[in-house]
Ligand code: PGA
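Let's start with one chain on its own, the form predicted on its own, as structure tokens.
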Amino acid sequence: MNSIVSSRVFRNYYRQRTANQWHKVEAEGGVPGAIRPFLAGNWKMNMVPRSGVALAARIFDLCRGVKDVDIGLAPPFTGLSMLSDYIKPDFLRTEYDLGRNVFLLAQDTFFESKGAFTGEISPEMLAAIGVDRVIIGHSDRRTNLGKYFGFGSSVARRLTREFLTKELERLKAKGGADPKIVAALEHLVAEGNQEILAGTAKFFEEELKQRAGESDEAIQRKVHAALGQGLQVILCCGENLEARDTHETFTLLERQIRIALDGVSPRAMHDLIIAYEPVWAVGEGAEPATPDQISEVHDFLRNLIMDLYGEQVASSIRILYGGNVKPDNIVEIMAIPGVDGALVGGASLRAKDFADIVKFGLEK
């Protein structure tokens, strides 16, 4: 990574805004109002419960006495209860000289408290087993679900002459159908339009494989449900490669943030963290965003929060970066004035790597 920022790294700081620019100002550890960086490990679909506890124990052993950053661990749902029993503050303080700077994270939640929602987990259930924070809107869920859940092929099967002819006959027999829908179906099933229909089916199948996922509206409902249950929220946002290449990054990010935070009060914003994770920088083999790219997006997001909630909230809200964060680039990332931590994927599955990230800027 090519640095555009000062090599100075703060582990406790205030943030000030002067001349339309954000700065970090060093603070003593534990000073009221100081910002403490947050380093969160998202284990995704890895680690059975016992292996997760063993990994956490090794991380804590390597991070003994580190109290000036917040540490988050997000195991799969199956590992939450066992890990919750292990990371009790009194035990962490006695065993590892850690304590209330360690947080248990869930990787997702649902927006209803109970009901016929097979496979989902409510905020109430998470809070009941000791979860502190929940990740909402991760790029895996915003953009990748369609690749595995078959939305594209399901739509393509409906864009056939046989299926649409039956639907047209059904609508006409039922009566009262929207004439625009009837006209569209008649056009699509016409003999001369079969190549257009086949091409449309193929187009939507490929598009949905890449794009199908959680909507901005669903993410908004999850944010409100989690905050309402007393959970802190790590709200993810980020653009795909197409948006980056077509210079639509800021437009997309603004839409994601405005919809997700619609109806969230300024007071509730104290329980919210934003994580910027460009989709094109996530995953094995991908290149992390450059310091320039990270800096401009974090400034944009912080100024957007200032427009929505004022300078006080904007100066105190923590905005993380996620996307191939590793021990060899964390110092450079954390030196960027707008960055308050990292959402770490693959490197959080290796105890030494994640411990080195947590100890950024310290002598090893």
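Computed from a predicted model, the values in this text were never measured in an experiment. The first residue of the shown sequence is 1; numbering continues from there.
The following text describes the form predicted together with the ligand, which does not appear among the structures shown.
For the three marked residues, T109, I234 and I274, no heavy atom of any sits within 4.5 Å of the ligand in the predicted bound form. Between the ligand and the residues I257, L104, V282, M269, the one pair within 4.5 Å by heavy atoms in the predicted bound form involves V282.
The closest non-hydrogen atom of A56 lies beyond 4.5 Å of the ligand in the predicted bound form.
By the criterion of a heavy atom within 4.5 Å, I333 is excluded from the residues contacting the ligand in the predicted bound form.
Although the partner is absent from this view, S295 stays clear of the ligand in the predicted bound form, with no non-hydrogen atom inside 4.5 angstroms. Within this chain, R36 is remote from the site of the ligand in the predicted bound form, having no heavy atom within 4.5 Å.
Heavy atoms within 4.5 Å of the ligand in the predicted bound form belong, among the stretches 58-66, 298-306, 318-326, 45-53, to residues of 318-326.
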